[in-house]
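One chain is shown next in C-alpha cells, namely the form predicted alone.
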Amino acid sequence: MAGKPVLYGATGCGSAVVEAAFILAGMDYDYVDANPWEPSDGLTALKSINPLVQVPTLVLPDGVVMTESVAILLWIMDQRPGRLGPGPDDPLRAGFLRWLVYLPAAIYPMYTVRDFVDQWVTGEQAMAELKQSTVNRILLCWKTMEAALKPAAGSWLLGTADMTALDLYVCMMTRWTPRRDTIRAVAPGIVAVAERVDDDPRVRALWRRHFPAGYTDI
C-alpha cells in the first residue's frame, strides 16, 4: 500500500482506539489534530472532507474517506490478517463482531443525547433526569456485556491468547462517563480487562496522551 493513511482525531475521542489499533497492527499513519471544539487548520481540513466533522475520519492512501470507528478497525484488520481479532473462519468471529458493534450501537447514542440534552427536553429538572437516564442505560449496557462474556481474571474479553480490537475499545470507552469506578460496580471483569490494556507497553503512552487523568508514573 503506497503512502500512509491519514487519521483525523482529537484527544480523548473515538480516534484513540484507531490509533491503538494502528500501533498494534504495526502500521504507519499520519495524524491530524482536528478537535471539533477548537478552530484549527486541522479542523478546517476535516470539514472539507467530512461535513459532519466526525473523529475519527480516515483518509486512505488512494483518497477514499472512511468514517465510523468499527469500520476503520475492520479495515485495519483486513490489512493485517491474524492481528487484532479472530478471522472469518474462526468460531470466535461472530461474538467478536457482535460486541465490537454493540459498543457504538448501544452505548455511543447515550452520549449523543447526554452531551446535547437541551436538544431533547427543556427545563432543568427534565434535563437532569434525562442525563441520569443516559448513565443508567450505559451502566445497564456494560452489565449486560459482562454477564454475556464473563471475562476471567487475567484474560482478554474473548478468552483469546492475544489482545483484540474489542479489548482496545473497552479500554477507551470505560474512560468515558460514568468512568471506571462506577462501571466497576456492574462490570468488574470488563474494567479489569481495560486496566490490563492500559498496562501494555505498546499503547501505554497513547492512553496517557488521550486520558492523562488517573495515571501514575510507572
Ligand SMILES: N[C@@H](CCC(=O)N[C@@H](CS)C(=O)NCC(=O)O)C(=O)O
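If you superpose the two forms and keep the largest set of C-alpha atoms that fall within 1.5 Å, you have the rigid core. This structure is a prediction, so every number in the text was calculated from the model and none was measured. Sequential numbering from 1, following the sequence displayed.
Beyond the structure shown, there is the form predicted together with the named molecule, which is absent from this document and is the topic of what follows.
Q: Can you pick the one in 30, 162, 33, 68 that has a heavy atom within 4.5 Å of the named molecule in the predicted complex?
A: Only one listed residue qualifies here, and that residue is 68.
Q: Using a 4.5 Å heavy atom cut-off, which residue among 53, 152, 60, 185 comes into contact with the named molecule in the predicted complex?
A: Of the candidates 53, 152, 60, 185, 53 is the one lying within 4.5 Å of the named molecule in the predicted complex.
Q: Using the partner position in the predicted complex, report whether residue 104 sits within 4.5 Å of the named molecule, counting heavy atoms only.
A: Output for residue 104 is yes: heavy atoms within 4.5 Å of the named molecule.
Q: For residue 112, is any heavy atom within 4.5 Å of the named molecule in the predicted complex, or not?
A: Yes, residue 112 lies within 4.5 Å of the named molecule in the predicted complex.
Q: Quick one: is residue 108 in contact with the named molecule in the predicted complex, heavy atoms, 4.5 Å cut-off?
A: Flag for residue 108 set to yes.
Q: Contact with the named molecule in the predicted complex for residue 24, defined as at least one heavy atom pair within 4.5 Å: yes or no?
A: Flag for residue 24 set to no.
Q: Select, from the options 144-152, 131-139, 68-76, 82-90, the stretch whose residues sit within 4.5 angstroms of the named molecule in the predicted complex by heavy atom distance.
A: So the stretch in question is 68-76.
Q: Using a 4.5 Å cut-off on heavy atoms, which residues of 10-36 contact the named molecule in the predicted complex?
A: The stretch touches the partner through 13, 14, 36.
Q: Residue 75: with the rigid core matched between the shown form and the other one, does its Cα shift 2 Å or more?
A: Shift at residue 75: below 2 Å after core fit.
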